[in-house]
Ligand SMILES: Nc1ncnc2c1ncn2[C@@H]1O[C@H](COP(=O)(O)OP(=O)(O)OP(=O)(O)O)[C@@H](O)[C@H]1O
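Here's a solo chain for you in structure tokens, the form predicted alone.
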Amino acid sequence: MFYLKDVKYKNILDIQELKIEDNKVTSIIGESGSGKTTLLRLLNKLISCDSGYISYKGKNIENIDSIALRRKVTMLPQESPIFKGTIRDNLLIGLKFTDKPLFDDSHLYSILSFINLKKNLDDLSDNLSGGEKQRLALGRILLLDPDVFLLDEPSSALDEETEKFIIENLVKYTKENNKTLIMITHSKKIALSYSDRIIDLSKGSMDNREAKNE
């Protein structure tokens, strides 16, 4: 799916070669400042590498329209914006910028169940906690139904029990719907338990290995 060759970005990343397979769960781990978020931003074309080559499904990412790419490869930042209004408004706002139809309330409630957010659609987003806002932002990109999810610490604000629930749901959804999940996680336990592959970044260098049976 993604192929990176001789990719350099400032003094942050220096990747000689990296392949990220489709329909897999890939975790990115590493110390603070090692380039984890930078790698996701490169895959989403929010930034461009200084040198080297990145392809998506065999096509140079620089030759793919940025908006078209982001509809297929959707990124959830660690601090994703939550907008004024209701939970319903926040879930649907992303769809309003696409050609996809809006979902009815029954489907929206199924998303709330998926992200373990026990709220009413008419509740105001201002009243949500940090962890609830993080889950709401996740629900919003689930509705966009991209091929690839790029998630930057999707469970960083969650307690351990909720984190386990959310990650297990995400992994199950990825497998059952032939999606690709690439996530940064602060938890090596999460990476080892749920990933097909682990990319371990250390000061911009990389260790890319199978995650199972370690």
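Numbering starts at 1 and follows the sequence shown. All values reported here derive from a predicted model rather than from experimental measurement.
Below: the form predicted in complex with this ligand, not depicted.
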Among 142-150, 30-38, 59-67, 159-167, the region lying within 4.5 Å of this ligand in the model of the complex by heavy atom distance: 30-38
If you check in the model of the complex, is H186 within 4.5 Å of this ligand, heavy atoms only? yes
In the model of the complex, does I190 have a heavy atom within 4.5 Å of this ligand? no
Could you tell me if L18 has a non-hydrogen atom within 4.5 Å of this ligand in the model of the complex? no
Should Q78 be classed as touching this ligand in the model of the complex when contacts are defined as heavy atoms within 4.5 Å? yes
When this ligand is considered in the model of the complex, the residues of 108-125 having a heavy atom within 4.5 Å of it are none
